[in-house]
Structures are given as structure tokens and as C-alpha cells.
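Next up: just one chain, as C-alpha cells, the form predicted alone.
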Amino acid sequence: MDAKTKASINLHAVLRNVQELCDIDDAAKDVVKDKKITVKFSVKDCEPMALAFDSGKCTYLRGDALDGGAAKGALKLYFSSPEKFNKLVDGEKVTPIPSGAITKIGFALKEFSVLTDRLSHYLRPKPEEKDELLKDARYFEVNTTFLAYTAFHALAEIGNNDPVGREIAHRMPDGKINVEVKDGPAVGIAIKDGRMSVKIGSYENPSARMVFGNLQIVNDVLNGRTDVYSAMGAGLFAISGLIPLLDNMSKLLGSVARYLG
């Protein structure tokens, strides 16, 4: 497992979910309802990202979006290696190097910890609680939506960073893929010159589409209880469009579980 790829997944596939968390979870909303602060995460050799909180809303930022606006005056947390950042996400005690608005370090130590605990509640429930939690329809919906967002954002980070993943991504023709759930969430994946990006929501006129019949089949596939071929045979999964895009994306998706565990 490549440490840089895992750190990129933790930044841009796992922690980015805090944006949606603050929209749907009452406890998360309450924590940030009066906050105006941006926290920037910089990990050596990885593309940085920031989470900007403003009056109960959170905005995920990366790339050019970090050059100004909300990212100015941010509390900056620097990690000297991908390995150290990965340990922090895995629950080990790691102290980043703070800079910028260090007077707001208390937010990272207190309120932000509440947010990551709430995210873990949905993404990584305790084994002894998981089955009971999933009986609740609302919890099941949020859990599955976050699983899907995380998996397909992670897929792009693997295509951009993992040595084998980069080879696969560079074999993909330029185009856009919509991954959709009937009456549910959707993500759009774009490939340009072997570089992948992901957005929440669909593209108009995509090059290819993957459509899941319902959230249950998404949950089953992402948890390894079934595969897309069985789902297709049952009429619960369909693909269309540029097949080389979908074929190579499926190969990348096969690596996601290895990184997310």
C-alpha cells in the first residue's frame, strides 16, 4: 500500500465528507453553527486541502480554491510525512505543526474532533453496533451515501497517485462518467490526460454511465456482499456508453477496499 495514496484518500475522500456531514447531521450542525474558521491540512508530497466553516456550513477546498478567499487566514496544520497523517486518521496520537491562525488551535482540538467522531459514526460504525444502526432507514441512507462518496473519490486518488493506478488511469480515454443511484445520490468522474477528478452530482451528456437500482445494491457492492455482475444479472445495475472508460474504472474500484480497509 502506497502511503502517499492513502494520505490523499484520507484528505480528499474521507475528510472531505465533513462538507456534507455539516448539512445532514444535527450534532455536526450544532458544533459549527457559530463558527467562522478555515482549517487547512498540508501533508508532505500531497495536494493540500481545506475545510472552510461559516455559520453552520462547511466548504471543501483544494487546488486553485486554496489560493485566496476562504483559505486566507486559515489555521494551517502541517504533517511532515504521509505516514504521520495516516496514523492520525487511524486514531493514533500525532501532533501536527500549526501555523497561521494558531490562536484558533482550540477548534482543531475540540470542535473538529467532534466532527470526525460524527463522521466515523456513519462511515466506520463500531462492529457491535453496526447491524442495529443499519436497521434505521435514515442511518442506512447516510451510511451508504458516505460510503459511495468516499469510494469514488478514493478511486480518483488511486488513479492519480498509486503507481499501478496511474498506469490504469493513463489508459483511459478522456471523458466523463456518471455514477448514479436511482432516486439517490450521484457523482461525476472526469478523466483528462490520465488525470482524474470527482464532483458530487452528475455531468450533462456523460461519456458513460453506471446506474445502481437502489441504495441497498450500492451498500452490498461496496461492502463486498455482492458483485456488479450479479447485480447486473438481477437487473439492479446497468452500464452504458464508452466501455473502455467503465472497464478501467472498475479496475481502479477494485483497489479501493485495500486502501479503505
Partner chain sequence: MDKVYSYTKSRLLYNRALKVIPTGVYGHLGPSNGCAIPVDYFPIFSHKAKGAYFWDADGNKFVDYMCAYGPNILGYGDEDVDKAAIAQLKKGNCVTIVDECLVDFAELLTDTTGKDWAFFCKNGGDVTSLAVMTARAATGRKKIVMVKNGYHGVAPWTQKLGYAGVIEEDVSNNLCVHWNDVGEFENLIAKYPGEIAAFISTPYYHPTFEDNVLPAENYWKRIRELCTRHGIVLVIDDIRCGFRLDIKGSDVHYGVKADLITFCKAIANGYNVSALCGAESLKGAVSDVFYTGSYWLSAEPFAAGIACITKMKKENTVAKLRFIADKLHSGLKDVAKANNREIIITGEPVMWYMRHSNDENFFMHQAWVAECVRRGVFFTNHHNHFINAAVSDEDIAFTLDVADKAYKAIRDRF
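Positions refer to the first chain, counted from 1. Remember, predicted model here, so these are calculated numbers, not experimental data.
One more form of this protein exists, namely the form predicted together with its partner chain; it is left out here, but the text below deals with it.
| said: Just to be sure I understand the contacts: of 181, 168, 148, 115, which is the one whose heavy atoms reach within 4.5 angstroms of its partner chain in the model of the complex? | reply: Filtering the options by heavy-atom distance leaves 168.
| query | Only one of 164, 134, 108, 89 has a non-hydrogen atom within 4.5 angstroms of its partner chain in the model of the complex; which is it? | reply | It is 164 that has a heavy atom within 4.5 Å of the partner.
| query | Any chance residue 230 has a heavy atom within 4.5 Å of its partner chain in the model of the complex? | reply | Answer yes; at least one heavy atom of residue 230 falls within 4.5 Å of its partner chain in the model of the complex.
| query | Taking heavy atoms and a 4.5 Å cut-off, does residue 239 contact its partner chain in the model of the complex? | reply | Result yes; residue 239 sits at the interface with its partner chain in the model of the complex.
| Looking at the partner-bound form in the model of the complex, is residue 32 within 4.5 Å of its partner chain by any heavy atom? | No - in the model of the complex, heavy atoms of residue 32 and its partner chain never come within 4.5 Å of each other.
| field | residue 16: touches its partner chain in the model of the complex, heavy atom cutoff 4.5 angstroms | value | Close contact is absent here: in the model of the complex, residue 16 is far from its partner chain, nothing within 4.5 Å, heavy atoms only.
| said: Can you tell me which of 38-46, 207-215, 24-32, 188-196 lies within 4.5 Å of its partner chain in the model of the complex, counting heavy atoms only? | reply: Answer to the contact question: 207-215.
| Which residues from 242-261 come close to its partner chain in the model of the complex, meaning a heavy atom within 4.5 Å? | If the 4.5 Å heavy-atom criterion is applied to its partner chain in the model of the complex, 242-261 yields 242, 243, 244, 251.
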